[in-house]
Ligand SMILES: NC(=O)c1ccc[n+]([C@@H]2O[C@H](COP(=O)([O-])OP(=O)(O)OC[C@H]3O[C@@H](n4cnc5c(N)ncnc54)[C@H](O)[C@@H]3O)[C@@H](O)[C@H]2O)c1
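In the form predicted on its own, a lone chain appears below as structure tokens.
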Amino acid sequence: MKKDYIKSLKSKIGKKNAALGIIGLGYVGLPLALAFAKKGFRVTGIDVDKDRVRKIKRGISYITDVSNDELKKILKRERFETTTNFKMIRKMDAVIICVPTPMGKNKEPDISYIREAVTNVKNNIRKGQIIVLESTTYPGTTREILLPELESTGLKEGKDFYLAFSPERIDPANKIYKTENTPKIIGGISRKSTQIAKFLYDRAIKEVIPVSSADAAEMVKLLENTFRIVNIALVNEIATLCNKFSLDTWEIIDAAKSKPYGFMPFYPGPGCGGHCIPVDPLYLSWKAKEHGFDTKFINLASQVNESMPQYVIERLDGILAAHNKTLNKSKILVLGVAYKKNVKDLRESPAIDIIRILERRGVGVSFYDPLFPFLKINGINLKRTPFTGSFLKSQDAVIIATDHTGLDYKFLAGHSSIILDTRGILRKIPDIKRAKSKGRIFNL
């Protein structure tokens, strides 16, 4: 008599007796692990990084969206443990893969972390497990890479184990939308897999939306981020055009967003950072080439956004020239180096590109960011400068590259000679707006 694994899994999940394993404890995996642990599941986090595992065991979080107090409360309840031992997968009823998917040097997808994770799952798989991939990737990865690898064990998907894809939707530092209240997309290799994966996520996520296949779920994520990269590129181009017309880009956007339909505001900046926007759409572009399709919008949007750090330098060069200064002989402070405000993350940060360009031009460049005491990345080796009046006065110009909250921008404006505000943060502060008329504060 065949064992009904679906019935057994649903029973365990429904009673919260299912053992859940999360592979990869980064900005996606750790919050997800805690979301399930809070609902009463026994969760085991597995990561190759021994330092991460040690920190979690000590109740120290390295993720912006997870506080030390939150982590310690979960650990105290003994519903969450961490390990580097992948053999623990054998004890799991559900395994969720949340490993990184960076781009290679030639902008090709690097799915080596996925392959490594799947190999570890394959070596420890048993009958009756549900396996879900959350790592962002190109359409077809779950079906083309994971499925044959796992079925090489002799087990059959939809019969002996279940396989699905669910795109991560994490917006670091978002105070409203967290893992639990952000709708979740689920697409299985088989219909049974979709059903059991949805049943699992329903226990921890407020809304779970099934789609027809794993390929469809993979495409959903890429559409979301392609939408963003294209619109950000559009507004970045509009910003450069507004500068030619001597118009205030932020004023234009604020007026346009008063339209109650047909318009969604996006804002310019020094470029795109993080993993999702600058990287994910290129996964789709790469895959499209296999089918003889040229993703013109994605490629052009990527080029526009990648050109913004250079545009920032050109804009500053022009501003300095108007003040009878030359860029090469100037001292420039880059304020904020994280890719996004209030997030301790340097991935694809445009501020890093700005610093590299300035250093190549022989400029005396320094940085200040409350989240980073030093920078040692991509050939840059800088120590954070003090945020003092005397240091600000010693600089020829300040580039606001990341608009962290909590910084004293009035103090900045009062002690700086020239400020290039790439984020439009100063225009939100009424007392600073008047200073703009003095020709010291400039928008992108």
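Just count from 1 along the sequence shown to find any residue number. Because the structure is predicted, anything quoted here is derived from the model rather than measured.
Unshown form predicted together with the ligand; subsequent notes refer to it.
Contact annotation for V43: none of its heavy atoms lies within 4.5 Å of the ligand in the predicted complex. Among residues of the shown chain, R315 is not one whose heavy atoms approach the ligand to within 4.5 Å in the predicted complex.
The shortest heavy atom separation between V48 and the ligand in the predicted complex is within 4.5 Å.
Shown alone here, H404 lies farther than 4.5 Å from the ligand in the predicted complex, counting heavy atoms only. In summary, among the residues F86, F297, F199, F266, the only one with a non-hydrogen atom within 4.5 Å of the ligand in the predicted complex is F86. Shown without its partner, this chain lists P139, P109, P172, P210 as candidates; in the predicted complex, only P172 has a non-hydrogen atom within 4.5 angstroms of the ligand. Within 4.5 Å of the ligand in the predicted complex, a heavy atom is found for not a single one of Y5, V95 and K192.
With the ligand left out of view, the stretch that reaches within 4.5 Å of it through heavy atoms in the predicted complex is, among 300 to 308, 227 to 235, 272 to 280, 367 to 375, 272 to 280. Along 70 to 102, these residues reach a heavy atom to within 4.5 Å of the ligand in the predicted complex: F86, C98, V99, P100, T101.
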